[in-house]
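As structure tokens, one chain now follows by itself in the form predicted alone.
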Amino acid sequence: MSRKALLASTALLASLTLGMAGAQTYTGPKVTLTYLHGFTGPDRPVMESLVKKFNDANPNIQVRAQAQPWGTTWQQLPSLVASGRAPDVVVINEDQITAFIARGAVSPLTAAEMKAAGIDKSRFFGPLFQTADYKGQSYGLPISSVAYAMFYNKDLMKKVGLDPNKPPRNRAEFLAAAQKCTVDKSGKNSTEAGFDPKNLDTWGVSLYNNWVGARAAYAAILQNGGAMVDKDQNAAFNSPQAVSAVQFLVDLVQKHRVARPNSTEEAELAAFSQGKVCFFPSGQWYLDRFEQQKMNFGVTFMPRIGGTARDAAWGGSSHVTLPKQRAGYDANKRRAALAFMAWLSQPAQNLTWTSTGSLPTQAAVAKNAQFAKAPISGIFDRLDSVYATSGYPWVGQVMGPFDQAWEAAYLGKKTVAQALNDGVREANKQIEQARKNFK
């Protein structure tokens, strides 16, 4: 990052945070807050440095952070809340947060509280912030985000006559590009006479059978105006929109023959790394790997392969929340906790957190000069179209059967309609049982 860019970035973030500083100042008596999170890997030192920075700047609030595996937190949190020993602040991920809210383990953030703390939800990408919303109330602030993106090999695109600086954005463009990139040993692509699909040199696109592969189908359904659940929160991923969207993906394998059948994420990752696949849809977490390999690649938002209703991609996220506390809980602690949450979600802190591989949680950070030449910035123009699997308490009961349905359709074990219908039936059986555990 150049000195000029650094100064510009610093000035921008300073201006963004200056106006919020007064509202976020806690003036009550000294309090100590317990902060539970699951950042236990290389991201842990970054979080610890942020906590130290906050403590140094706020002598009347001391945050004591505890890192432990996410699964441990999911097991412990209900009993901690029930016994009145809940931490003051806890980080909860997108696939768990609605379930904890529905169980009454997380307290809502009122509009008055957020205003007093200087929290403006309009600063955040809308669907990302709404991940922690439930029944018209907000329950958390996003501090970390990942997304399903599409990596592409610029050299392969150029080799087949495609513009490597203009990745496909819709279904027609994507199919045409994938067909051109699917080339046999004799140099013929999948649209040419004499093409030999059993003797390929390069493939157009990677699809595979695990939960990550299923997130391409998830995005396609949302792009086509479909949804995972209906208004009553029953599974509904077998709608006509869903069947049409998933059918297009299956056709890439079975009809157009531009994606390898019966493959795994590991095999497709290796193939893309070796220059044998043009388009590799997957999590943005592979960015470091491809950069270290010095590949000539780009990153773009998921094209509208499902339909034209909207841009959409799957995303994961982590949100700081306030667990439900025992009767008589110190109101000063809650105000201090809100001040800490507000500070942690500010642009300056979010920019620091992106060094862990997280995406920006708000447009102001996405516009920072340090991302100007970063490959990942190829998805920044549509970060407000990243949708997490949340909003209903039984995410696992919906997504587990959906992932199995995708695998059955992708492998050709069932038709798309049969696979999705079977998946919905199984999901709703599980939801019927799960309803007993939620309010």
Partner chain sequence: MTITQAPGKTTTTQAPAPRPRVNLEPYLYLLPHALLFFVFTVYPVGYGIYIATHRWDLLAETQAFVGSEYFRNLFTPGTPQFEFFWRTLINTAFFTVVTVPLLVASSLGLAVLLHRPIFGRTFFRAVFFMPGILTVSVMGILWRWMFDNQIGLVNAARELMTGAGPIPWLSTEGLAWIPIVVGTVWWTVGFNMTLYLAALSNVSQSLYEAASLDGATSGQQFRYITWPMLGPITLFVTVTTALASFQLFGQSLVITNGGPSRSTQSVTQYITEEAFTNSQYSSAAAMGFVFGLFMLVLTAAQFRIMARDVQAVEQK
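Positions refer to the first chain, counted from 1. Owing to the predicted nature of the structure, the values given are computational and were not obtained by experimental measurement.
The same protein has a further form, the form predicted together with the partner chain, not shown here; the description that follows concerns it.
Though the partner is left out of this view, N421 does not reach within 4.5 Å of the partner chain in the predicted complex, counting heavy atoms only.
Taking the partner from the other structure, the partner chain in the predicted complex has a heavy atom within 4.5 Å of a heavy atom of L411. In the predicted complex, the partner chain sits within 4.5 Å of a heavy atom belonging to P78. With a 4.5 Å cutoff on heavy atoms, G28 does not count as touching the partner chain in the predicted complex; it lies far away. Proximity to the partner chain in the predicted complex, taken as a non-hydrogen atom within 4.5 angstroms, holds for one residue of P261, P197, G275, P240, which is P261. The three residues S206, V253 and A364 each lack any heavy atom within 4.5 Å of the partner chain in the predicted complex.
The stretch that touches the partner chain in the predicted complex, counting heavy atoms within 4.5 Å, is 101-109, out of 344-352, 101-109, 147-155, 242-250. Along 367-406, residues G396, Q397, Q404 each place a heavy atom within 4.5 Å of the partner chain in the predicted complex.
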